[in-house]
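We begin with a single chain expressed as C-alpha cells, specifically the form predicted on its own.
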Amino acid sequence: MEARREEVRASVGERLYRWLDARFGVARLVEFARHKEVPVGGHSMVWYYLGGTTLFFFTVQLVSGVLLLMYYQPGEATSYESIRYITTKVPFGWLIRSVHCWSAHLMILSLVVHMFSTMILKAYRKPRELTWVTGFVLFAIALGFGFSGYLLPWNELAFFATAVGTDSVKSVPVVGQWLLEVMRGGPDVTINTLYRFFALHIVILPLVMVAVVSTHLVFIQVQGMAAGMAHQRPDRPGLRFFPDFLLRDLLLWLVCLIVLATLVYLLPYGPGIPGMEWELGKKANPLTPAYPGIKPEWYFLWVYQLLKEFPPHLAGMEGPQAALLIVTVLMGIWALVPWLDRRASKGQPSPKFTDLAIAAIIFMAYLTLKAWDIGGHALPGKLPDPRSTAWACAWITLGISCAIALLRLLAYRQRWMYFSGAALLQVVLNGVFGLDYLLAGAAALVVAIAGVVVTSRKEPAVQLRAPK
C-alpha cells in the first residue's frame, strides 16, 4: 500500500524512468556514465573533443541531406534542375544546401585533425588498435562521401572533375579498366555514373558509416578514452564524463553550430577557392571540352598534385600507376601504425612516430599549396608558372615548418626530427633549388632512412612533456 502511494506521488519523469529501468536497465547505464572519467594530463584536453565535433558535423550532414533529398531528383533532365529549384524556389533551400556543403568540409577537417592528434598522442596504442583502424575506415568513408556527392548537382565543374578523378582508376594494374567501368557504369561519365554515385551517396555509404561509427563508439565506451602516457601526465584525477565533460562537449557543439551558421550566411557558395566552391554554374554537357584548371576537393588536392609530379613512365610503370602505388603504401603504413609503433604499445616514448605525423603534414601541405597554384602569377587564359608556384609554396611551407620545429624543441624538448627534416629537405630541393620532385624525394628518403639507422640503437629523448 505504501509503495502504491509513493508511486502516485512520483512525478511523470520519475515514473517513466522507473518504467524504462525495469525493462532496459537504464540505472546501470546511468551508473556507468557517472563513474566514467576522461583522463587529464600534460597534453591539452582540446584533443578529446574532436571526435564529438566530427560526430556533430556528421549529424548535420544526415539531417540536411534528408531535407535535400525531399526535392532532389536524379536524372539527366532533373538533377541540375532540381538543385536550381532548391536554391532559387524552395524556401530556405539555398540555406540547407549551403549547410550541407559547409558541414561536409568541416566534418572532414575535424576528422583529419582528430586523426593527427590521435597519432601524436599515441592514443592508438594497445589495446586500442582496432579503434584506430575503425577511425581510419571512417576517414576513407568520409572521402567517399565527398567524391560521390560532388557529381550530384550535374553541373559543368562536377562533371569534368569526376571525369578526371575517375580516370586515375585506370592506373590500377590488371583491374584498372574494369574498376573504371564499374564506377562510371560504362567507359565514360554518363547519366549512369550519376545513378551509381547517387546510390552510393545516399544508401550504401550512410549505412556503412553508421555501422562503423557505432562500432567505433562501442570500442571507446568499452576501453575508455586513451590516457596520456606515463611520461606525459602527473597524478591528477580525471574529469567526470557525466555531467562535466558532456556539458563541455555540448557547449562546443553550440559553438560549432554558430561557426557553421556564420559561414553559411557570409559565404553561402563557399570561399571561392579551388576545392571549396559550390556555385551551381552551368549544366553539364558531355560534348563540350573540359576547361583548364579543374581541381578536385581540397582533401584530394595532394593526391592530384602528386599525380602531376610523376612523368608519363617510370621504372617500367606508367606514371599514374607509380603515384597511386606510393599513395597506397603510405596509407597502408598509416593504417598499421599501432602495430609498427612497438615502443608506444609498451608505454615508452616513441618520438619517431610523432615526427612521422609532422612529416606527413609537411608532405601533404606542400603538395596542396602547389595544387592551389599559389604564387603562380597566372595571366588570363594561361596556366600558372609551375616554377614560381613551387618557389612560393616552398617558402610558405618552410616558414610554418620552422615555427613548428621551434615549438617542439623549446616547449616539448623534442629532438628526433629526421622524418620531418627529410620532408622539409624535399620541399627545399624542389621548391627553392628547382630539383625534380622525385629526385628531391629520393634524397629525402635517404636522409630519413639514415636517421632511423643512426638512432635505432639510441634511447630517444622524452617527448610530449607538459609545456613550461
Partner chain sequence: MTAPVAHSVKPARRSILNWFLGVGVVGWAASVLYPVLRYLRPLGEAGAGGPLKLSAEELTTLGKSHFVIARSGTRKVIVFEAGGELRALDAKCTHEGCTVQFVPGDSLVWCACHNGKFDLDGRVLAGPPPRPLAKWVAIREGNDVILTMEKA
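Positions refer to the first chain, counted from 1. All values derive from a computational prediction rather than experimental measurement.
There is also a form predicted together with its partner chain; it is not shown, and the following applies to it.
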Which of these stretches, 309-317, 361-369, 257-265, 207-215, has heavy atoms within 4.5 Å of its partner chain in the predicted bound form? 309-317
With the partner left out here, if you bring back its partner chain in the predicted bound form, are A163, K170 and G185 all within 4.5 Å of it by some heavy atom? yes
Identify, from the list R342, K126, R196, K283, the residue with a heavy atom within 4.5 Å of its partner chain in the predicted bound form. R196
Check each of L330, L398, L109, A290 and return the one that places a heavy atom within 4.5 angstroms of its partner chain in the predicted bound form. A290
Residue-level question: is Y85 within 4.5 Å of its partner chain in the predicted bound form, judged on heavy atoms? no
Give a yes/no on whether E279 approaches its partner chain to within 4.5 Å in the predicted bound form, heavy atoms considered. no
Look up in the predicted bound form whether F242 has a non-hydrogen atom within 4.5 angstroms of its partner chain, and give yes or no. no
Taking the shortest heavy atom distance, is Y304 within 4.5 Å of its partner chain in the predicted bound form? yes
